[in-house]
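Here we start with a single chain on its own, the form predicted on its own, put down as structure tokens.
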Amino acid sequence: MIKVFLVEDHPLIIEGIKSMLAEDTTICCSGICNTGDALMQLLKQQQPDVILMDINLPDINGLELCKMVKQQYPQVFVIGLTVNNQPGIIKKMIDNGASGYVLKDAFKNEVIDAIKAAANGQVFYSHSAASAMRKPDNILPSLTRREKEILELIGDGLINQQIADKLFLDVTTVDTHRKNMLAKYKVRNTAALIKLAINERLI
């Protein structure tokens, strides 16, 4: 039996993944965490074989969380589970120790296959993640709808708390999006991010 932890903060996705895994008798979802901190606390008590980990978490970037997990629990396999299809992010997740990368548009069998592959020490990419990795590096990644909203408000001079209030989000979620955009476009600060977005007509 492959023990799996799910690290995800969206209830609908949690329920979907749980029901999906319940259909396979060789996999057991033995832990669900909504934040990175909750995961690290749970890992002190028990370790699974595989962790399905969202990258956009309320309290920490999944890239850093993956690195922390692998440093402290190298025997635990991590699979990125996200909507982010940027080649740079996928590569960074793998560089930080992940054994796979599955986009949330994946078919059910791809999620199951990813878990089984990771448990066997193999690296697995969902079909759409593999396609994203083949994109030419010189093509700038696009902004998601939420990222565009947040970036436009940053450009208007709003701080994280004001943006969170305006979009009805948690302030940590806004900060996570900001950090993800810095990583996605490989810029050092928000000013450089705004300049790039304007020059490349991303906003």
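Keep in mind the model is a prediction, meaning the values are calculated, not measured. Numbering starts at 1 and follows the sequence shown. Under this definition, the rigid core comprises the largest set of C-alpha atoms superposing within 1.5 Å between the forms.
The form predicted together with a further copy of the same chain exists for this protein as well; it is not shown, and the discussion that follows is about that form.
This chain is displayed alone, yet in the model of the complex one of 81, 129, 93, 118 has a heavy atom within 4.5 Å of a further copy of the same chain; that residue is 81.
Proximity of residue 140 to a further copy of the same chain in the model of the complex: non-hydrogen atoms within 4.5 Å are absent; the residue sits far from the partner. In the model of the complex, at least one heavy atom of residue 162 sits within 4.5 Å of a heavy atom of a further copy of the same chain. Mapping the unseen interface onto this chain, residue 198 counts among the residues with a heavy atom inside 4.5 Å of a further copy of the same chain in the model of the complex.
Under a 4.5 angstroms non-hydrogen atom cutoff, a further copy of the same chain in the model of the complex lacks residue 76 among its neighbouring residues. Contact with a further copy of the same chain in the model of the complex, defined as a heavy atom within 4.5 Å, is made by all three of 17, 106 and 191. Heavy atoms within 4.5 Å of a further copy of the same chain in the model of the complex are found in one stretch of 66-74, 148-156, 40-48, 24-32, which is 148-156. In this stretch, 39-71, not one residue has a heavy atom within 4.5 Å of a further copy of the same chain in the model of the complex; the partner itself is omitted from this view. Shown in the overlay between the shown form and the other one, fitted on the rigid core, is a CA shift at residue 151 of 2 Å or greater. Core-superposed comparison between the shown form and the other one: the Cα of residue 10 travels less than 2 Å. Comparing the forms between the shown form and the other one on their rigid core, the Cα displacement of residue 178 reaches 2 Å or more. Between this form and the other one, the CA-CA gap for residue 196 and residue 101 narrows by 3 Å or more, being smaller in the model of the complex. Shown here is a form in which the CA atoms of residue 56 and residue 195 lie at least 3 Å farther apart than they do in the model of the complex.
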